[in-house]
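Form predicted alone, single chain, as structure tokens, below.
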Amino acid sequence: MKTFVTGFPRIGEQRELKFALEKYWKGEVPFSEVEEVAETLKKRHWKYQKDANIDAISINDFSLYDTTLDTMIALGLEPQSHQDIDDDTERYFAIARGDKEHRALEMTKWFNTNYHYIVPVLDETTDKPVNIDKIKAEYQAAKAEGITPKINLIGPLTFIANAKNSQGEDAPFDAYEKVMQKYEALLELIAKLDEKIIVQFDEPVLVTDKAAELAMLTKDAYTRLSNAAANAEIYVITYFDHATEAVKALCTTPVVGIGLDFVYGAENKEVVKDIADAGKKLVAGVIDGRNVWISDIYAKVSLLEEIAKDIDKEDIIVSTSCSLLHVPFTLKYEEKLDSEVKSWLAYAVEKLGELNLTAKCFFGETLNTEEQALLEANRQANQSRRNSQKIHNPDVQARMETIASLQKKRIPFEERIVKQHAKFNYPPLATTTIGSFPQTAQVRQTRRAFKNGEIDEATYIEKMKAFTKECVAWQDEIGLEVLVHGEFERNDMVEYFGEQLDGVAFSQNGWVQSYGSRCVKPPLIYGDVSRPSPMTLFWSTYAQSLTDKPMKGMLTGAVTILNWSFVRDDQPRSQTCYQISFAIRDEIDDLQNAGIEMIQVDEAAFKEGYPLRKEKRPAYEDFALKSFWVSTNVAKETTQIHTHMCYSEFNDIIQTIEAMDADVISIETARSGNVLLKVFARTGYKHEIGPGVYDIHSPRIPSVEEMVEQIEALLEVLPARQLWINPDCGLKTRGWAEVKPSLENMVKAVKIVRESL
């Protein structure tokens, strides 16, 4: 075995799975059609890898929604709350998405990525027998395609570390024995699938600060799992940072190989000799699985040669740094990208070629004519990228010289908020929404028609004005106190801004799965970033002209644009973030000068960018905070700055959130109850907060009574004057049939609660 792919994207190169799932959820097609699409995609993805000479090809990295949810089912640890649903398929999607009678399980980010997983609740699970039906079916299908499959499983330590208990707290490791017995039983069944099996256990928790305290459990878990299946070759794969502590524990177990990320964990070089001395295989992650820039094949081979100083070459397996789930599928459909910028890119399929070429060069194999041409093209593209005039902007560099003088907070919050209350005169428990409203088929068709040249700009603007006018009038009618314009002109909260910034490119088909059927198309930040002209001013001022109520200007923050983009890797990320923050700063100034004096700067991905190691966090916090200040300290005292964060754990960064100094922050609490809010209360957080009372990722419509109960629970934690009431995220993915009654119920619930204050 010389090449190893940690995991592969599953949504489909043209989002085939997404569209099949959404048709099924709407009742337009039977589930059998989803299954048919899934089977087609799995075989296609295996073939891509087989054709690229990949030796270790995964199964069970494919999922209809989420692999953590699949793991719950495989282990027999499903939530008790959904067991009244007899049909397996209906129950599966109800756990993920909720239904009329059931809330979905909480969803949060997979470590520091934009992928979301379903959070297990370990003290409210079933104790069903383990279930390898999905794994067995995929194994047999892969064998029929001429592939020797590698079975991917989320490791037990990561599964427990990512779980919670019913109080919404991190699940204690006293669940370890129960979970381990399930894993052992699962592996015993898997072992019967073949004479020899290869099993990959994903353990990214071992690159976090928990690794040291988990050392004894690491040794115990992988000794037991190795013993549970004598015919299993077990590889424990880590990624996103270094795993130096865990390696020492894993080297004392019978596992065959250990996977390390050498792209984002350079410290892993320090433990290569330990792996060699223990007689283990090293799965060397050198092809970047998280970014889209082409590899420098010569540099990758040099890195492998450096690693090989401490371990025999034949004990190295060349790999991706992590699953390719985090990058788009293929450049095949990119017909409109600037040809030079396109030459600097590699998506998942192209990375398979890079992996094959790197391994061949490293192991000294003879390249055929096509491979020689690819190697030369790689050399030329890297040279082009280093020297291109597209990357460097003298005006941006000159402005960056002033950055130090702008990295400061506004005047104290206590002084600002008094003036803001006097100006806006909003009541306690003020009602608003996060920003976007449903992107109906009609809205999307209008945008598509304009983009394709089927309607002119004047027609497009009139149609979008009509959508906006209707949305503003309806918000006014139901009694919302702070309005938004609905964002009908926006395709995505990051893409919309990226399309208007210099130094940023956009793909046609660079889709990446965020959760379930939800996909995003991250910008490609390839050069110095600047804002040629205002980005939101026209639509915000038009919407404000339709009402006397405050109209929030809606912006995406610099840190979120950074974290939800594929960012150039030829300069520090901090420098790119500061460049973006200048663009947001200029937009805020334009908005407030035009009379838009409530401005929301969404930082949904602020927590997502945190390094997984504590020692690396201060540097990130420093530039992330300063970038937010650079953007927002241009605001006048009476300009109210809102921000929004969603689906993040805030316990360990609450002081940083306070230091951001936004006047109002809205957060997700609809799935997680009051746990997050209590974190704010414990720290004495003084700024105003909008805890989400309505889960927008579920199709269910919460009743007035349910929302009254939830708001009253909020008031047990914080006073009404400090609270805003809103959904937990934007509403673009929902339909009006769900949104209208849900928001009407929210406003009614607030009125009821206010009467009792």
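Worth saying up front: this structure is predicted, and the values here are computed from it rather than measured. The term rigid core refers to the most C-alpha atoms you can superpose between the two forms while keeping them within 1.5 Å. Residue positions are given as counts along the sequence shown, with the first one as 1.
FYI, the form predicted together with a small molecule isn't displayed, but the following is about it.
Interface residue among 487, 587, 202, 354, judged by heavy atoms within 4.5 Å of the small molecule in the model of the complex: 487. Of the listed positions (79, 527, 435, 285), a single one reaches within 4.5 angstroms of the small molecule by any non-hydrogen atom in the model of the complex, namely 435.
Interface residue remark: residue 138 is not counted as part of the site for the small molecule in the model of the complex, having no heavy atom within 4.5 Å. Although the partner is absent here, residue 729 sits close enough that one of its heavy atoms falls within 4.5 Å of the small molecule in the model of the complex. With a 4.5 Å cutoff on heavy atoms, residue 321 does not count as touching the small molecule in the model of the complex; it lies far away. Among residues of the shown chain, residue 554 is one whose heavy atoms approach the small molecule to within 4.5 Å in the model of the complex. Taken together, the three residues 642, 688 and 723 lack any non-hydrogen atom within 4.5 angstroms of the small molecule in the model of the complex. Contact with the small molecule, judged by heavy atoms within 4.5 Å in the model of the complex, is confined among 531-539, 216-224, 594-602, 158-166 to 594-602. Taking the rigid core as fixed, one finds a CA shift for residue 486 of 2 Å or more between the shown form and the other one.
When two forms of a protein are overlaid on their rigid core, residues whose CA moves 2 Å or more are considered shifted, and residue 516 is not one of them between the shown form and the other one.
Residue displacement note: residue 608 has its CA displaced by at least 2 Å between the shown form and the other one (rigid core superposed).
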